[in-house]
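The data below hold one chain only, encoded as structure tokens and taken in the form predicted alone.
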């Protein structure tokens, strides 16, 4: 069975590698709108309009406004087609148009089969340029979003992460929840959404990513006759990086059977020299947590650690656990980091992790949707080329690199706790041991 799995993985990688050989990614400008186009010989086309800024575009009291406005734009029809006619047209072609938002960007996306490209593109463009912002759909969507927000608040994992973001990034853009909360969503009027959409969706903040098998010259003509007519708009606000240099712990009392904890540490940007090494180092730490906390001590079902480079402006490292024994769990999690700061990782861990990372990466690139998403998010993080040279960047990481970054970015942990308040105190939120320079594992930088 193991041999079969290895063969299948190798086959998938080989197929995608083969695809990459023929794939050509290029960037061009169409009347002020940046376009990233990747040619892939498939019968599916994926298009995404990324809008930069995210939480930087609105104040705290309007948390969720971008998500609300974008979702209303793609679900309420257009000024020339009512909701039912619009959704029927999409359904008949098997085309999907959707929207999503994150801390640093929002996007409107479309996926269709190649034979329906022309008609699907027309609907995609109408959605972006002429959304109906229908009153009835606004009311329905507002009720739905408020219900989702209340559900998220009752979910311990969702509630913990939002509490951790509000704790560590208090006063910063990341304090805002891109999905909003019940109170902020209830205060957003239809006029607020129209105004926000009009002011935000412009060429200065936007770029288009398309992956498919299209004639480039014809594509440029289509864009020139449609999306290039977006208003110029303005550049998104830019916030300075927050390096999380001070400890900020928070206890949120909730009478639940299991206690939830998240520790947030500083991290480099993905495009920096430390970015790829940080990604690998945290992934190995996650595996060590699984062994130490679950397998050996049964302290948690699914502890983990990861480098959240999806937060473009302020990426961070996060360690997480849900447990009935928070004190012992914190001790083990911090001890493991202290051990790494002194002894470092092993060559075997690095070699195994590289292989797993590359396999997972290529398996995740099977669909054109995932490829357009990868190109767009990497463009935001420093350049779409990073998606194309992922293999080279991973293979270039050395043992010294991952030992250096785990030591460099793990001195300070800000803890957020959700659970029974009487089970922990401020003194329980431990920090990794400071290791004298001459006692640390050797580093080349």
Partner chain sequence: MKKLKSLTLGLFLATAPIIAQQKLPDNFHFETLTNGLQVLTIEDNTVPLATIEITVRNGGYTESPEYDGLSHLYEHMFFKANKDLPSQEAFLERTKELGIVFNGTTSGERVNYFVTLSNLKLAQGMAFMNSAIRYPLFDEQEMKNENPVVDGEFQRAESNPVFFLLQDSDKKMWGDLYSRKNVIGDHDVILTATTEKMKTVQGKYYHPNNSILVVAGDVQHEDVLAKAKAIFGDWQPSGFDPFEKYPIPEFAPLKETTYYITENENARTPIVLMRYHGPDTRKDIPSTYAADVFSFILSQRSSQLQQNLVESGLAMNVNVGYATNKYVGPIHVFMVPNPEKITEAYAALQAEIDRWDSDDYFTDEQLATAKNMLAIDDAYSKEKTSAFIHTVTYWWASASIDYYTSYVENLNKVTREDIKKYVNTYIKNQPHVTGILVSPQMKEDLKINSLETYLNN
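Computed from a prediction, not measured in an experiment: that's the story for all the values here. Numbering follows the first chain given and starts at 1.
Just so it is clear, the following notes concern the form predicted in complex with its partner chain, a form of the same protein that is not shown.
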{"property": "4.5 Å heavy atom contact, residue 118 and its partner chain in the predicted complex", "result": "no"}
{"property": "In the predicted complex, residue 187 touching its partner chain (heavy atom, 4.5 Å)", "result": "no"}
{"property": "4.5 Å heavy atom contact, residue 205 and its partner chain in the predicted complex", "result": "no"}
{"property": "Any non-hydrogen atom of residue 80 within 4.5 angstroms of its partner chain in the predicted complex", "result": "no"}
{"property": "Non-hydrogen atom within 4.5 Å of its partner chain in the predicted complex for each of 195, 225 and 395", "result": "no"}
{"property": "Listed range touching its partner chain, judged in the predicted complex by heavy atoms within 4.5 Å, from 266-274, 87-95, 328-336, 123-131", "result": "87-95"}
{"property": "Option touching its partner chain, based on a heavy atom within 4.5 Å in the predicted complex, out of 183, 213, 366, 308", "result": "366"}
{"property": "Position in contact with its partner chain when the complex is considered in the predicted complex, options 241, 229, 221, 294, heavy atoms within 4.5 Å", "result": "294"}
{"property": "Heavy atom within 4.5 Å of its partner chain in the predicted complex - qualifying residues of 153-174", "result": "153, 154, 155, 156, 157"}
